[in-house]
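This document starts with one chain, in the form predicted on its own, laid out as C-alpha coordinates.
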Amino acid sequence: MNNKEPILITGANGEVGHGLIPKLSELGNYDIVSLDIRELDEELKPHIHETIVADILDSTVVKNLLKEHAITTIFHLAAILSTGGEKDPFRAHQVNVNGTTSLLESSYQVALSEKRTIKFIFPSTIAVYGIPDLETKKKVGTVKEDGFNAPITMYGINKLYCERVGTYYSKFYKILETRPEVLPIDFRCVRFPGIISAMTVPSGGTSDYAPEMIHSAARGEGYESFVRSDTVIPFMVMPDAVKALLTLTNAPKEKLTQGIYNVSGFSATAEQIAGLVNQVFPDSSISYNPDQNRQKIVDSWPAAVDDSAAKRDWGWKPDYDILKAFNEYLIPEIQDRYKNNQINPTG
(Lines give C-alpha, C1' and ligand atoms only; values in the text may rest on other atoms or scores of the structure.)
Protein backbone atom coordinates (compact mmCIF):
# COMPACT_ATOMS: atom_id res chain seq x y z
CA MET A 1 0.00 0.00 0.00
CA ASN A 2 1.30 3.45 -0.92
CA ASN A 3 1.18 5.79 2.07
CA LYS A 4 3.10 8.60 0.41
CA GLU A 5 1.57 12.06 0.38
CA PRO A 6 0.65 13.29 -3.12
CA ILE A 7 1.99 16.80 -3.73
CA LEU A 8 2.01 19.11 -6.74
CA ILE A 9 4.93 21.30 -7.79
CA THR A 10 4.15 23.89 -10.46
CA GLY A 11 6.97 25.52 -12.38
CA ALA A 12 8.97 22.43 -11.46
CA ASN A 13 11.68 23.06 -14.05
CA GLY A 14 12.75 26.37 -12.51
CA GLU A 15 15.60 27.19 -10.17
CA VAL A 16 13.75 26.44 -6.93
CA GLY A 17 12.31 23.24 -8.39
CA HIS A 18 15.83 21.96 -9.02
CA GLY A 19 16.57 22.39 -5.33
CA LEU A 20 13.22 21.34 -3.86
CA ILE A 21 12.43 18.20 -5.88
CA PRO A 22 15.57 16.17 -5.01
CA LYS A 23 15.15 17.08 -1.33
CA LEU A 24 11.50 15.98 -1.26
CA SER A 25 12.45 12.77 -3.05
CA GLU A 26 15.23 12.14 -0.55
CA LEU A 27 12.76 12.44 2.34
CA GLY A 28 10.82 9.55 0.82
CA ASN A 29 7.38 10.62 2.08
CA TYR A 30 5.95 12.09 -1.11
CA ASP A 31 4.60 11.20 -4.53
CA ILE A 32 5.59 14.26 -6.52
CA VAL A 33 3.47 15.41 -9.44
CA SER A 34 5.24 18.07 -11.51
CA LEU A 35 3.63 20.65 -13.76
CA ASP A 36 5.63 22.84 -16.13
CA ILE A 37 5.12 24.38 -19.53
CA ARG A 38 8.37 22.71 -20.63
CA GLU A 39 9.50 19.09 -20.58
CA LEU A 40 11.10 18.32 -17.22
CA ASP A 41 14.92 18.15 -17.10
CA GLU A 42 16.21 14.58 -17.26
CA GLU A 43 17.97 14.79 -13.91
CA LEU A 44 14.66 15.56 -12.17
CA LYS A 45 12.55 12.85 -13.79
CA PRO A 46 13.71 9.97 -11.53
CA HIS A 47 12.33 11.88 -8.53
CA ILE A 48 8.87 12.41 -10.01
CA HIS A 49 5.76 10.21 -9.70
CA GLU A 50 4.10 11.84 -12.72
CA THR A 51 5.17 14.64 -15.05
CA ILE A 52 2.60 16.89 -16.72
CA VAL A 53 3.56 19.33 -19.46
CA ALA A 54 0.89 22.02 -19.49
CA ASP A 55 0.27 25.72 -19.00
CA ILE A 56 -0.60 26.80 -15.45
CA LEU A 57 -3.46 28.77 -17.05
CA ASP A 58 -5.13 25.54 -18.24
CA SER A 59 -7.61 25.23 -15.38
CA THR A 60 -9.14 22.01 -16.74
CA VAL A 61 -5.83 20.17 -16.61
CA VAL A 62 -5.06 21.57 -13.16
CA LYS A 63 -8.44 20.69 -11.65
CA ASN A 64 -8.31 17.16 -13.06
CA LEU A 65 -4.86 16.45 -11.64
CA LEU A 66 -5.85 17.82 -8.23
CA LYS A 67 -8.75 15.36 -8.17
CA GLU A 68 -7.01 12.40 -9.79
CA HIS A 69 -4.01 12.49 -7.47
CA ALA A 70 -5.84 13.76 -4.37
CA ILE A 71 -3.17 16.45 -3.99
CA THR A 72 -2.71 17.52 -0.36
CA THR A 73 0.03 20.17 -0.76
CA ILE A 74 0.91 22.51 -3.60
CA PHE A 75 4.25 24.24 -4.02
CA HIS A 76 3.31 26.93 -6.51
CA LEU A 77 6.66 27.86 -8.06
CA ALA A 78 5.45 28.82 -11.55
CA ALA A 79 6.21 32.49 -12.24
CA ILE A 80 7.80 34.93 -14.65
CA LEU A 81 10.53 36.72 -12.70
CA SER A 82 11.38 40.40 -12.42
CA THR A 83 13.52 40.98 -15.51
CA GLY A 84 11.32 38.77 -17.68
CA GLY A 85 8.26 40.49 -16.29
CA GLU A 86 9.50 43.91 -17.42
CA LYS A 87 10.13 42.58 -20.92
CA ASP A 88 6.55 41.31 -21.21
CA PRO A 89 4.40 42.74 -18.38
CA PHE A 90 1.11 41.49 -19.79
CA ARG A 91 2.32 37.90 -20.05
CA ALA A 92 3.81 38.17 -16.55
CA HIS A 93 0.45 39.29 -15.20
CA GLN A 94 -1.29 36.40 -16.94
CA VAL A 95 1.09 33.78 -15.52
CA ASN A 96 1.77 35.28 -12.11
CA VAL A 97 -1.69 36.58 -11.23
CA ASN A 98 -4.18 34.70 -13.38
CA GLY A 99 -2.23 31.46 -13.00
CA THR A 100 -2.13 31.78 -9.22
CA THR A 101 -5.75 32.85 -8.88
CA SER A 102 -6.92 30.03 -11.15
CA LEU A 103 -4.91 27.49 -9.15
CA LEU A 104 -6.31 28.83 -5.87
CA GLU A 105 -9.86 28.66 -7.21
CA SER A 106 -9.44 25.12 -8.54
CA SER A 107 -7.83 24.02 -5.28
CA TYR A 108 -10.58 25.62 -3.23
CA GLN A 109 -13.38 23.98 -5.23
CA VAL A 110 -11.77 20.53 -5.19
CA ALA A 111 -10.99 20.67 -1.47
CA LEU A 112 -14.45 22.04 -0.67
CA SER A 113 -16.20 19.26 -2.59
CA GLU A 114 -14.07 16.62 -0.88
CA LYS A 115 -14.33 18.24 2.59
CA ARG A 116 -10.59 18.48 3.10
CA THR A 117 -7.79 21.06 3.18
CA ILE A 118 -5.08 21.68 0.62
CA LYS A 119 -1.91 23.41 1.78
CA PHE A 120 -0.90 26.09 -0.70
CA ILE A 121 2.78 27.02 -0.33
CA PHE A 122 3.59 30.25 -2.11
CA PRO A 123 7.12 31.63 -2.61
CA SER A 124 7.06 35.40 -2.74
CA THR A 125 9.93 37.85 -2.98
CA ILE A 126 11.62 41.01 -1.72
CA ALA A 127 10.41 42.51 -5.00
CA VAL A 128 7.13 43.24 -3.17
CA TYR A 129 8.97 46.08 -1.44
CA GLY A 130 9.41 49.52 -2.98
CA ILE A 131 11.68 51.86 -1.05
CA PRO A 132 11.52 55.31 -2.68
CA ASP A 133 15.22 56.26 -2.68
CA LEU A 134 18.67 55.27 -1.46
CA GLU A 135 18.61 57.72 1.43
CA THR A 136 15.47 56.07 2.79
CA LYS A 137 16.95 52.60 2.17
CA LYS A 138 20.02 53.43 4.24
CA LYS A 139 17.93 55.05 6.96
CA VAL A 140 15.36 52.26 7.46
CA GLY A 141 17.81 49.35 7.40
CA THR A 142 15.80 46.23 8.20
CA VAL A 143 12.23 46.05 6.88
CA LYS A 144 9.29 44.12 8.31
CA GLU A 145 6.65 42.34 6.24
CA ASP A 146 4.19 45.24 6.30
CA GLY A 147 6.67 48.01 5.47
CA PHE A 148 7.19 49.72 2.12
CA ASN A 149 4.78 47.45 0.22
CA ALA A 150 4.93 49.66 -2.88
CA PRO A 151 6.67 47.60 -5.59
CA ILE A 152 7.79 49.20 -8.85
CA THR A 153 8.01 46.06 -11.03
CA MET A 154 5.24 43.97 -12.54
CA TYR A 155 6.72 40.92 -10.80
CA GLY A 156 6.64 42.61 -7.39
CA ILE A 157 3.13 43.94 -7.97
CA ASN A 158 1.97 40.47 -9.06
CA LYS A 159 3.47 38.75 -6.05
CA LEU A 160 2.12 41.28 -3.55
CA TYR A 161 -1.36 40.93 -5.04
CA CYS A 162 -1.15 37.13 -4.95
CA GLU A 163 -0.13 37.25 -1.29
CA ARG A 164 -3.38 39.11 -0.65
CA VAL A 165 -5.42 36.77 -2.84
CA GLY A 166 -3.96 33.72 -1.11
CA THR A 167 -4.86 35.20 2.27
CA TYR A 168 -8.37 35.87 0.95
CA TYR A 169 -8.87 32.26 -0.18
CA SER A 170 -7.51 31.01 3.11
CA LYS A 171 -9.46 33.28 5.47
CA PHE A 172 -12.13 35.37 3.79
CA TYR A 173 -13.42 33.59 0.68
CA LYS A 174 -17.08 34.52 0.03
CA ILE A 175 -17.16 36.28 3.37
CA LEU A 176 -20.94 36.88 3.12
CA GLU A 177 -21.64 33.14 3.10
CA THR A 178 -21.46 30.56 5.87
CA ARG A 179 -17.93 29.28 6.35
CA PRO A 180 -17.37 25.57 5.60
CA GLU A 181 -16.54 23.36 8.58
CA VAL A 182 -13.22 22.37 7.01
CA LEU A 183 -11.37 25.35 5.51
CA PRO A 184 -10.37 24.30 1.98
CA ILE A 185 -7.16 26.36 1.65
CA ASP A 186 -4.24 26.65 4.07
CA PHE A 187 -2.17 29.41 2.45
CA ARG A 188 1.43 29.85 3.61
CA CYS A 189 3.85 32.32 2.03
CA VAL A 190 7.63 32.75 2.24
CA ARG A 191 9.11 36.04 1.06
CA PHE A 192 12.49 35.11 -0.34
CA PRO A 193 15.52 37.37 -0.71
CA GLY A 194 17.82 36.85 -3.69
CA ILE A 195 18.51 33.12 -4.01
CA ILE A 196 21.94 31.84 -5.06
CA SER A 197 22.09 28.27 -6.36
CA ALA A 198 25.04 26.07 -7.27
CA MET A 199 22.80 23.84 -9.37
CA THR A 200 21.56 26.21 -12.07
CA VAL A 201 22.50 29.33 -13.97
CA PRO A 202 19.42 31.50 -13.43
CA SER A 203 17.85 33.85 -15.93
CA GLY A 204 15.19 36.45 -15.37
CA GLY A 205 15.93 37.61 -11.84
CA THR A 206 17.22 41.09 -11.04
CA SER A 207 19.30 39.73 -8.15
CA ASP A 208 21.11 37.37 -10.52
CA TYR A 209 24.27 39.49 -10.57
CA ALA A 210 25.45 37.55 -7.51
CA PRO A 211 25.16 33.99 -8.89
CA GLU A 212 26.30 35.20 -12.32
CA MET A 213 29.57 36.43 -10.77
CA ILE A 214 30.26 32.99 -9.34
CA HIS A 215 29.28 30.97 -12.39
CA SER A 216 31.24 33.22 -14.75
CA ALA A 217 34.37 32.88 -12.61
CA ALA A 218 33.98 29.08 -12.48
CA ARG A 219 33.87 29.05 -16.29
CA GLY A 220 37.05 31.10 -16.42
CA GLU A 221 35.23 34.14 -17.75
CA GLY A 222 35.13 37.76 -16.64
CA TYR A 223 31.89 39.37 -15.51
CA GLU A 224 30.46 42.85 -15.92
CA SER A 225 27.96 43.54 -13.14
CA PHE A 226 24.79 45.40 -14.05
CA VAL A 227 24.64 46.98 -10.55
CA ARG A 228 26.99 49.26 -8.58
CA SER A 229 29.62 47.75 -6.30
CA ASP A 230 27.88 49.22 -3.20
CA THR A 231 24.51 47.65 -4.06
CA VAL A 232 23.21 45.71 -1.06
CA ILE A 233 20.24 43.34 -0.68
CA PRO A 234 19.60 40.20 1.37
CA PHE A 235 20.45 36.77 -0.05
CA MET A 236 20.21 33.11 0.84
CA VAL A 237 21.56 29.94 -0.76
CA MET A 238 19.28 27.32 -2.25
CA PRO A 239 19.57 24.73 0.58
CA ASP A 240 18.26 27.36 3.00
CA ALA A 241 15.47 28.32 0.58
CA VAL A 242 14.36 24.68 0.43
CA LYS A 243 14.67 24.41 4.20
CA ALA A 244 12.41 27.46 4.63
CA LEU A 245 9.74 26.04 2.34
CA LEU A 246 9.70 22.66 4.06
CA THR A 247 9.86 24.04 7.60
CA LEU A 248 6.93 26.38 7.00
CA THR A 249 4.99 23.59 5.26
CA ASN A 250 5.40 21.29 8.25
CA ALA A 251 4.77 23.91 10.95
CA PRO A 252 1.63 23.31 13.06
CA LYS A 253 -1.15 25.61 11.91
CA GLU A 254 -1.84 26.82 15.43
CA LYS A 255 1.73 28.15 15.72
CA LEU A 256 1.36 30.50 12.76
CA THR A 257 0.38 34.03 13.71
CA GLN A 258 0.49 35.31 10.12
CA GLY A 259 0.36 33.90 6.60
CA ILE A 260 3.30 35.78 5.06
CA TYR A 261 6.85 35.51 6.41
CA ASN A 262 10.17 37.12 5.57
CA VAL A 263 13.19 34.84 5.57
CA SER A 264 16.83 35.70 5.02
CA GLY A 265 20.33 34.30 5.12
CA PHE A 266 22.76 37.23 4.89
CA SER A 267 23.03 40.70 3.41
CA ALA A 268 26.01 41.60 1.24
CA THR A 269 27.17 44.22 -1.22
CA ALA A 270 28.07 43.29 -4.76
CA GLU A 271 31.66 44.19 -3.90
CA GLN A 272 31.71 41.80 -0.94
CA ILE A 273 30.46 38.98 -3.14
CA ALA A 274 33.03 39.81 -5.81
CA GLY A 275 35.76 39.76 -3.16
CA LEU A 276 34.82 36.26 -2.06
CA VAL A 277 34.72 35.10 -5.66
CA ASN A 278 38.16 36.54 -6.37
CA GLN A 279 39.65 34.79 -3.34
CA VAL A 280 38.91 31.48 -5.05
CA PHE A 281 39.24 32.61 -8.66
CA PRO A 282 41.95 35.31 -8.54
CA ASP A 283 42.09 35.54 -12.33
CA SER A 284 38.42 36.39 -12.53
CA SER A 285 37.82 39.95 -13.71
CA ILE A 286 34.69 41.50 -12.18
CA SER A 287 33.82 45.01 -13.29
CA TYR A 288 30.80 47.26 -12.85
CA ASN A 289 28.67 48.84 -15.55
CA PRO A 290 25.36 49.63 -13.86
CA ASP A 291 22.22 49.42 -15.94
CA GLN A 292 20.19 52.42 -14.83
CA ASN A 293 16.83 50.68 -14.93
CA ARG A 294 17.89 47.43 -13.28
CA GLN A 295 19.81 49.43 -10.67
CA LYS A 296 16.65 51.37 -9.86
CA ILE A 297 14.82 48.10 -9.22
CA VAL A 298 17.47 46.71 -6.87
CA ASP A 299 17.79 50.01 -5.03
CA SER A 300 14.06 49.83 -4.27
CA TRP A 301 14.55 46.57 -2.36
CA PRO A 302 15.60 46.61 1.31
CA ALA A 303 19.17 46.10 2.43
CA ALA A 304 17.89 43.59 4.98
CA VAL A 305 14.58 42.07 6.04
CA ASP A 306 13.23 41.33 9.50
CA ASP A 307 12.55 37.59 9.72
CA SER A 308 11.87 37.52 13.47
CA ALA A 309 8.27 36.34 12.93
CA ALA A 310 9.49 33.23 11.09
CA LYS A 311 12.03 32.58 13.83
CA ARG A 312 9.36 32.96 16.52
CA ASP A 313 6.52 31.04 14.89
CA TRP A 314 8.22 28.13 13.15
CA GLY A 315 11.80 28.11 14.32
CA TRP A 316 13.38 29.53 11.18
CA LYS A 317 17.15 29.63 11.25
CA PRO A 318 19.41 29.65 8.17
CA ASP A 319 22.19 27.09 8.05
CA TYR A 320 24.47 29.32 5.98
CA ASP A 321 26.05 32.69 6.71
CA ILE A 322 27.95 34.30 3.86
CA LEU A 323 31.29 32.58 4.54
CA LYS A 324 29.79 29.13 4.98
CA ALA A 325 27.63 29.70 1.91
CA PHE A 326 30.69 30.29 -0.24
CA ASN A 327 33.20 27.95 1.35
CA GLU A 328 31.00 24.92 2.02
CA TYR A 329 28.29 25.13 -0.63
CA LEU A 330 28.67 27.48 -3.59
CA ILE A 331 32.34 27.16 -4.52
CA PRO A 332 32.80 23.39 -4.09
CA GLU A 333 29.42 22.53 -5.63
CA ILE A 334 29.83 24.83 -8.63
CA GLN A 335 33.39 23.68 -9.28
CA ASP A 336 32.28 20.05 -9.14
CA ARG A 337 29.27 20.59 -11.39
CA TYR A 338 31.25 22.40 -14.09
CA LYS A 339 33.87 19.67 -13.93
CA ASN A 340 31.16 17.07 -14.54
CA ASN A 341 29.10 19.21 -16.94
CA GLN A 342 26.05 19.19 -14.67
CA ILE A 343 24.98 22.85 -14.72
CA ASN A 344 21.45 23.49 -15.89
CA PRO A 345 20.19 26.74 -17.42
CA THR A 346 16.78 27.86 -16.15
CA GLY A 347 14.35 30.44 -17.36
Ligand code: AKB
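Residues carry their position along the shown sequence, with the first being 1. Quick caveat: nothing in here was measured; it's all calculated off a predicted structure.
Although it is not shown, the form predicted together with the ligand is what the next lines describe.
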The ligand in the model of the complex: contacted by all of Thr142, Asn262 and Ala304, heavy atom 4.5 Å: no
Spell out, yes or no, whether the shortest heavy atom distance between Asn158 and the ligand in the model of the complex is within 4.5 Å. no
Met154 within 4.5 Å of the ligand in the model of the complex, heavy atoms: no
Quick check on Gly99: any heavy atom within 4.5 Å of the ligand in the model of the complex? no
Could you confirm whether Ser107 comes within 4.5 Å of the ligand in the model of the complex, counting heavy atoms only? no
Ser170, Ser197, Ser82, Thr231: which sits within 4.5 Å of the ligand in the model of the complex by any heavy atom? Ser82
Looking at 121-129, 264-272, 134-142, 212-220, which lies within 4.5 angstroms of the ligand in the model of the complex, counting heavy atoms? 121-129
Taking heavy atoms and a 4.5 Å limit, what residues of 207-241 are near the ligand in the model of the complex? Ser207
